[in-house]
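Encoded as C-alpha cells, the following chain is the form predicted on its own, with no partner shown.
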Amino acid sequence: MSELTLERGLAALRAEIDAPTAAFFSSCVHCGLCAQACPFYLETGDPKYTPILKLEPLRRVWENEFTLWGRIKGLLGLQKKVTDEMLAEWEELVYDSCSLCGRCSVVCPVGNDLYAMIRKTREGMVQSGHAPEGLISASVRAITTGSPMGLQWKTLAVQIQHVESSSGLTVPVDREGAEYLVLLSSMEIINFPEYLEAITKIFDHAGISWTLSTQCFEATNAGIQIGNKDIAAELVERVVAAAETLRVSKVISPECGHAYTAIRWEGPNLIGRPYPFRVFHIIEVLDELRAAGRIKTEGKEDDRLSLHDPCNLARKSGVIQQQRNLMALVAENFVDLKEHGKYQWCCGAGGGVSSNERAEELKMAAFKRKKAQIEEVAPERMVTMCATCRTQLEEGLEAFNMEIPVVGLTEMIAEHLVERD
C-alpha cells in the first residue's frame, strides 16, 4: 500500500461528500440534542465529545471546497483548512469517543444521520494515517488471517471437539446444500464457546440443516470499524464466497452487532451486488423457530432478569420484540430497563472502541450510563446477545463492584430445551 498522507485523507473526505452530506451540514440547527444522546459526552461532561463536533474535519472540507461561502472565504484568506495536526487531534474524538451506536442519529430533530457521518469521517482519517494502532492491527490480522484476533481454523476445530464431546452431537463442517451457514466471531470462539454448543443443541432439537465453513468462519468486519471500504468489502466477499461454495440459502451472522449490520445492511453496497442468500441474526432465527413451534422449552428462570439491547440489533435493525418473545419462553421474572429497545443506552464498547486499548478509560466512563440503568431495576442477572456488549457488561460491572452475572440469551434457550425421549 502506498504511503498514507494528508492528501490521501483529504481526497477520501472529498469522495465521501455527496448530496446527503451537503444536506446534513446545511440543515443542522445546532440544537445540541445529539450531545444529550451521547454517553461519552454525558458521562465526561466534556463538550469536545459532542457528536456534531466530531465531524469538524469533514465539515471543513465540505465548506471550503463545496460551498460558495467557503470559496469566498478562501479568496479572502479566511478558510480554516484541515491539517495533519487537526486530524491528529481529532483521532481521539472520531475513534475513542464514538461507538457508532447511532443514538445521536435517532434523536436528531431534522433527521441527520450522525452515525453515517462518523463513518464517512473515518474513511478520511484512515487514509491520512490517523487511526488507532489497535484497530490498524485488527484490520491487518483480519485480512491476513481472516480473524481480527488472528485466530485460525485449528482453534475453532478444538472448540468443535469440545462441543461434540460435551453434547454428543456432531458439529457440521463444510456441508454443501445445508440451509444455514453459521458465522462466528473470534470473541465468541475465545470468550464464549458455550454459544457454539448452544446453537448445536438448538438446531439439532429443531431439525435445522446447518454448517460451518473452513473457508470463512469469521464475519467481524474490522473494515467497517476502522473506516476502510476496501477492507470491509474484502471481508464481505469472503463470506459471500463461502456461502456460494456451500450453496446455502441463509447465513447467520455472529453475535457481534457490527458484524451483523456489516454483512446484512452494508455488505451488498460494499461489493456492488445483491447476495444469493438471506442474512439473519441468530435471535431472528430462534424467534422464527419459536413462532413455528419448533423450539420446545420447559421450566423458567426464577431470578430477576433484565436485558441489554445491542445497538446494532435493536436501534439499527429493529430486532427488539424478538428478544423479548424469547425471554418470555425462559424467564419468569423479567424487567426491562427504563430506556430500552430503540432508545436503549450503548454499553460503550462497539464501533472498534473495544479494540482500541488507549480508549479504555473513556469506554468505562461511557459505561456509567448503562450502570445507572442497571442499578435502577436491580436485576440478579443481565442477558444480552452480542459478544462485545457481553464482554463490556462483564468488565464494567466488575469494575464498579456490581456482582451481577451476564448470560447469553441463546445459551439460556438451549438450557431449557425439552429433552428428547
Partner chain sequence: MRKRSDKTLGESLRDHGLSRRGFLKLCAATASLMALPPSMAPAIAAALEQARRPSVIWLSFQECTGCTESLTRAHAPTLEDLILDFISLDYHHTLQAASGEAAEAARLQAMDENRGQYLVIVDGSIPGPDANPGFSTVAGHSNYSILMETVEHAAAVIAVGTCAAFGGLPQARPNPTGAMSVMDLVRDKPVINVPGCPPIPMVITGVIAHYLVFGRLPELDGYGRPLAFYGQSIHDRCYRRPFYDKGLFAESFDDEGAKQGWCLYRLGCKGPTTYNACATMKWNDGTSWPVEAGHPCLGCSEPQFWDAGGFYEPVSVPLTLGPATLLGAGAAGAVVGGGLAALSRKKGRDAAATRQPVTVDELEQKL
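Just so we're clear, the structure is a prediction, and the values are computed from it rather than from any experiment. Positions refer to the first chain, counted from 1.
FYI, the form predicted in complex with the partner chain isn't displayed, but the following is about it.
- When contacts are judged by a 4.5 Å heavy atom cut-off, residue 283 does not count as touching the partner chain in the model of the complex.
- Residue contact check for residue 296: none of its heavy atoms lie within 4.5 Å of the partner chain in the model of the complex.
- At the 4.5 Å threshold, heavy atoms of residue 3 reach the partner chain in the model of the complex.
- Though the partner is left out of this view, residue 116 does not reach within 4.5 Å of the partner chain in the model of the complex, counting heavy atoms only.
- Heavy atoms within 4.5 Å of the partner chain in the model of the complex are found in one stretch of 164 to 172, 202 to 210, 134 to 142, 328 to 336, which is 134 to 142.
- Proximity to the partner chain in the model of the complex, defined as a heavy atom within 4.5 Å, holds among 123, 92, 266, 287 only for 123.
- Proximity to the partner chain in the model of the complex, taken as a non-hydrogen atom within 4.5 angstroms, holds for one residue of 107, 157, 88, 233, which is 107.
- Looking at 8 to 26, the residues that come within 4.5 Å of the partner chain in the model of the complex, counting any heavy atom, are 8, 11, 14, 15.
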